[in-house]
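To begin, one chain is listed below as structure tokens, in the form predicted on its own.
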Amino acid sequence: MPAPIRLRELIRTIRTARTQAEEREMIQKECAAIRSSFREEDNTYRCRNVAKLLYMHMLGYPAHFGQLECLKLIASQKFTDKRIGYLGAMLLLDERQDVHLLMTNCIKNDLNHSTQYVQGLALCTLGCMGSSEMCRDLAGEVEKLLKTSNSYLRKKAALCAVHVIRKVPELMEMFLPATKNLLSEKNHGVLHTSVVLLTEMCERSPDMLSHFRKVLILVPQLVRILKNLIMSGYSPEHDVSGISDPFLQVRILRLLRILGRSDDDSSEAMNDILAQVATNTETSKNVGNAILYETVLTIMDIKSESGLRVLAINILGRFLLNNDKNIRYVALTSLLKTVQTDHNAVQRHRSTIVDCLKDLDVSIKRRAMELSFALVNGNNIRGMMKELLYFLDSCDPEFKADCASGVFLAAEKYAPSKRWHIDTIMRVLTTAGSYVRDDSVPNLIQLITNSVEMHAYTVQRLYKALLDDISQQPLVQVASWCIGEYGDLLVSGQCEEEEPIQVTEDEVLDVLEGLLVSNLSAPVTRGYSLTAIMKLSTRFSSVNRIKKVVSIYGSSIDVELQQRAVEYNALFKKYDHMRPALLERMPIMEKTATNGPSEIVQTNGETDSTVLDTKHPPTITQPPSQGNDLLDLLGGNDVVPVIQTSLPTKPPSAGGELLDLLGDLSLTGAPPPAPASVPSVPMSQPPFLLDGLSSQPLFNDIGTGIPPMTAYNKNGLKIEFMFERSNPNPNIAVITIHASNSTEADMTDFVFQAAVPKTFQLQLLSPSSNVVPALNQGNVTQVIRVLNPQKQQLRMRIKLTYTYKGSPVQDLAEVNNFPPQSWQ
């Protein structure tokens, strides 16, 4: 059989191939020849054939059939054969192969070979692909070589020991005696691998870490080595771009970081050397930047001095000016991690960080955006928001959602004024409205509602924004809501913050009707617009035009829009006397949560969502704060939550008694408990939302025989209970409270709360007012329903809060003397 071609010739032949198919053909032909040679047990050219197989393996072609030939080469006595055999074993074998079990004896023999280079081959192979079984069997030989005086073998044995520890952590203590003298070695290769071994042991075992800190006291030794590297002159063997052995310096800094973490003594011992490295390292080359970066990480991770931390942040600030994008990205990421602990030091580099927002690299822009938001505080909010809003205008679409969310949170937390807050949110909705979070619309509505003095300014700004662009749906929804609420202010031109515009009622209605028919409007937006038009029927004089618009959409193919229109038509036809009260302005709302979906809480502890006027009916809810108050009120866990009717708190007005009935309405399909005086009507398919309402009294006065009682009389405030019984369900006691004030000043912000044990159920309806007039000139009334199915004696605790002459007052009382007729 002719001699096979050499590896060099094979490489040259393969490189002449013009197509992939031609290359595959060459490889297949050569693999066939190699297989034939293996079958003939040709020992002469086995080494050459395995070398060619390894090259084919590097090209991505299968070479597994050469695994056994690698073992034969390892068993050979020739060094050239062993070298190719061990190389083939490292490339073609792994822990999942059973063949490597046959190698254990060969490696053990070679570890005890008289030639250091053969020993080095065995150490490299064991450190590369040794299984846990091989590591257990050969750990003793590795530990012996780790103690040898031969630097060539010690460095390879140290790396092999790292692999053994990773595979079999319980063998770590075997190598502990050998680590005592490793750092006294002069050879940099041994020092480097020794530091790697010590780092691995410290990371894997807290006991080892404590041993190296307290017993071996590694920190002074590492500091000495690092100081010698910094102060040593030029050494051609270790010099890289004018820096002595930067690889060893980086490894030492990483080990110092582990040793100094959460340890005062170790941190104190390394503060001086870290300062020297930070100030003496050359930054013109990338090698120096790598060392400085590791130094910064070490300073930030240990208990370092404040001056040293400022120095580290200044180094990162210089990195931001580097032309290399990778260095700038690393600096931004590191500053983002440290901004919470060293906020003021990072603030000094704010202008440089903001400049990174203009970088072309998307990764740098994202990190700069995140860091910019982290730097925002009450002192720089105006300047930072100006830069971030400019970034929002010009950034790519993938940044807009995160940027808009960040602007919202920062503005909510640090807004210098309500006008600035509203302007900022409107600017975001104008430029990136399609990317904002779902809760942005109700949050902005809540902000506008609470800014009473800004209503005219806000509705004028939003009206102008609608004239310019109706493509940003969240902006259109907020604008529609505000025009419906404050359209009279828009038409009257009462804006004081800027020059008022002259707008007629017809022009406002034209804009809202345009939103209803626009192809750009989402179904939700059309619902906002129709509701806004309906609200304007109580604020504008163009009622006939509004009736016509509403009636048109009574046959809309959009079910949501159709339902609204049908209900609004019913208001016009059947309940026109209730329309002004139903469509009056929303009261001021208090927000209980700042992030995520939030509830909006009204006075007297009642809840109401901003979508009451736009989309959904009122719901029976209870804010978490009130539940906690009631738990505190009873002082235990035997408490039932109070069911609050979700009605806006308002002064007495026409139709107020009928409005109170809305607390019993539900659009979810399940009819709520009806008051005793309301005629029983089928609720499965009501023709209209408001059917079933009447002007009859809320409860039958069948409990006139129950004597009233005084539940509270203190500081001029008197609370009386009047009792009635609900006709359909005799287990329900209806208590009407009458709050009177005999002092000379009004009691404002009056809130009455009550709680009962678990065996009862309690529901508080809306109070008639939150102001108790002075000198007994009027009463505040509120209805309480108590379900007592077990006919137990009624017990109740009440909580009263109010403001008297500008001072808040709060008091608790327990009511146990209910007349027996009220609960029997």
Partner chain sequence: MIKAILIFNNHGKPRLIRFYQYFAEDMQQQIIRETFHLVSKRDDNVCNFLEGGSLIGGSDYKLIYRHYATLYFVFCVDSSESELGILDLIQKMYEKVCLSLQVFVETLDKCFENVCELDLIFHMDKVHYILQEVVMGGMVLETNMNEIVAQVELQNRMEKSEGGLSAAPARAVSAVKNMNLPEIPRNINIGDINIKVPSLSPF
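If you're wondering where the values come from, they're calculated on a predicted model, not measured in any experiment. Numbering follows the first chain given and starts at 1.
The form predicted in complex with its partner chain exists for this protein as well; it is not shown, and the discussion that follows is about that form.
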Heavy atom within 4.5 Å of its partner chain in the model of the complex: which of L308, L91, L182, I315?
-> L91
Note: exactly one of I784, L787, L54, I798 sits with a heavy atom within 4.5 Å of its partner chain in the model of the complex, namely L54
Heavy atom of each of K156, V250 and Y329 within 4.5 Å of its partner chain in the model of the complex | yes
State yes or no: in the model of the complex, is some non-hydrogen atom of R254 no more than 4.5 angstroms from a non-hydrogen atom of its partner chain?
-> yes
Would Q28 show up as a contact with its partner chain in the model of the complex if we use heavy atoms at 4.5 Å?
-> yes
Looking at the partner-bound form in the model of the complex, is T193 within 4.5 Å of its partner chain by any heavy atom?
-> yes
Is K758 one of the residues lying within 4.5 Å of its partner chain in the model of the complex, judged by heavy atom distances?
-> no
104 to 112, 118 to 126, 707 to 715, 417 to 425: which one contacts its partner chain in the model of the complex at 4.5 Å, heavy atom to heavy atom?
-> 118 to 126
Considering only 284 to 309, what residues come within 4.5 Å of its partner chain in the model of the complex, judged by heavy atoms?
-> N286, V287, N289, A290, Y293, E294
